[in-house]
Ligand code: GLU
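The form predicted on its own is given below as one chain in structure tokens.
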């Protein structure tokens, strides 16, 4: 069996933290077993789905590093869903219902008032042909429900272990709206059948739906896939994920300079027994992924964790991975410059700042002209080495008696214009003698 999973977003918006995590768990599971990751666009909501959002989802997945081996768009498969509905209808497994939304709502309220679960009472099954005809003559078009067999449906869940739901506790699900539009369940089952999906991995908010879907797979003569339901994200304090956090999207994170592997590294390990550690690429994440390590407790997500993770990714990024991006920024200096600069980066593009610092133009910050004049006199004229900074500052310390911040800060401000940054022993080599002497004299360079 080739493990085949699918990620099925609706193109009614861009990807956000919650569905990025769903995509990631599916992607890692497929890759861990040498399987396939399928992208399915659930665009049956004609009013809200757009091609722009679809293109955005595809671009977001590519940026995150989740390549897909197969693609499907639900809006192109309406005939397939209609055929499946006809099959169920012909076998008495899909029946017409004529209640309005208001009537159904009233029924639910009455049941709740009596302390009963708000389960559909199957009143439509008791309608005579004459009663159905009367509805049709009044211009009332039915919606269609799938007839559940009232039995216990059991399965072994990848996360929850042994699971079972008695379908008598559930309402017969509506598969077709009155306008003929299929709702989520029927298209999803048909697609999973046709794509030969072996594993359906998703949030535990779908756990109850699984019993319905297993019955529908069986009714349509399909093999039932293996299911896995992981806990949903909550806020940092355990509260329900707020609208702000839930809508935290790839587009805004990318614009903020976040590395895709910072997001992937964090989301892949949240809620597992594994430590959350920075990973430089997807292969490293796949190698350490095990779905059985996902716990059943709620998962806390704090967006404030993304910044530190981003820095850890950058500080460990090898030059081979950074090189093409540095060239695109116009940053030179090779591996030595990257090794020096990366430890001070919060976002990758800040590498350009340190390249500008050592290549100019900058205006030196002169706080103590007399001290800097002494420093310039002691600064070698020859090419700098790794030892130059230490030799120079030791000589300056011996002559002036200064040490610590009083010694180093005036030099840093003059040579970089900033009060922070990479180690000066490394920066000094890139600044070079000619430029360093000019800056110490207060001359822009």
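Positions refer to the first chain, counted from 1. The structure presented is a predicted model; accordingly, all values stated were derived computationally and were not measured.
Here the subject shifts to the form predicted together with glutamic acid, a form of this protein not shown in this document.
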Within 4.5 Å of glutamic acid in the model of the complex, all of 6, 42 and 202 (non-hydrogen atom): yes
Heavy atom of residue 289 within 4.5 Å of glutamic acid in the model of the complex: no
So, residue 426 and glutamic acid: in the model of the complex, are they within 4.5 Å at any heavy atom pair? no
Residue contact check: residue 265 to glutamic acid in the model of the complex, 4.5 Å heavy atom: no
Though only this chain appears here, would residue 120 touch glutamic acid in the model of the complex if you measure heavy atom gaps against 4.5 Å? no
Among the candidate residues 312, 206, 218, 116, which is the single one with a non-hydrogen atom no more than 4.5 Å from glutamic acid in the model of the complex? 206
To verify the annotation, which of these, 95, 337, 184, 98, has a non-hydrogen atom within 4.5 Å of glutamic acid in the model of the complex? 184
To test your reading of this chain, name the stretch in 184-192, 255-263, 280-288, 367-375 whose heavy atoms come within 4.5 Å of glutamic acid in the model of the complex. 184-192
